[in-house]
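Just the one chain here, the form predicted on its own, laid out as structure tokens.
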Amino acid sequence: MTRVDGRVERGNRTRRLVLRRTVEIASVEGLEALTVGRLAAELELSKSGVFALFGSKQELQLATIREAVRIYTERVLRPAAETPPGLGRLWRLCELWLEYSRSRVFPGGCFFYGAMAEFDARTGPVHDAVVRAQRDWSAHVERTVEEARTAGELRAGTDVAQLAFELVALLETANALSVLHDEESAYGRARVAIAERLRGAAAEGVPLPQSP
């Protein structure tokens, strides 16, 4: 029977504890707000212990982005993948995204929307990690649209990249307005707009699934 080193397990627990807090801070105040001293004080940990886990502020920021990707995958991408490929999966993906933002999985709304605004004009590893996350998401939406077209549930002439772009734009606008005004009406408007766009792109005789 393999025994887990107690120090390693304690380090893993501390790392998880720190990252739970960093994604919350970063989603509201930005990745630049993350400091070893602040985290140590808030979580009642030693500064040396937190520093030993990450080594630098940049690595702390990168680890925070990776943790946000993990949470996002668990809350949006994996549940959507449980629906068979087609228009139903595409609609479910959009519904899950709106709920992810509306329910404040991250207290500042969509983690990646904020990170893009913070690092869009910068250079360096953190900027590059944000770019990868954004491109991965856009590519995922495009694949989901393409799956629906291949399944014959979207018109054959559907411009996959254009439709994906429009869906992401509607989702992100709903998130931004909701966070800015601290109200939820933008989600309803986005849901109506997405449903209308998908109905317009659907192949003849293919109904849009009802909201769960």
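All figures in this text were calculated on a predicted structure; none of them were measured in a lab. In case it trips you up, residue 1 is the first one in the sequence shown, and so on.
The discussion below concerns the form predicted in complex with another copy of the chain, not included here.
Among V69, L177, A151, L45, the residue placing a heavy atom within 4.5 Å of another copy of the chain in the predicted bound form is L177.
Stretch-level contact check against another copy of the chain in the predicted bound form with heavy atoms at 4.5 Å: of 37-45, 53-61, 143-151, 24-32, the positive one is 24-32. Another copy of the chain is not drawn, but in the predicted bound form it has no heavy atom within 4.5 Å of R78. At a distance threshold of 4.5 angstroms between non-hydrogen atoms, M116 is in contact with another copy of the chain in the predicted bound form. Put simply, L93 is far from another copy of the chain in the predicted bound form: not one heavy atom of it is within 4.5 Å. Using a 4.5 Å cutoff between non-hydrogen atoms, A156 does not count as a contact of another copy of the chain in the predicted bound form. Although another copy of the chain is not shown here, in the predicted bound form the stretch 178-205 places heavy atoms of V179, L180, H181, A186, R189, A190, V192, A193 within 4.5 Å of it, in sequence order.
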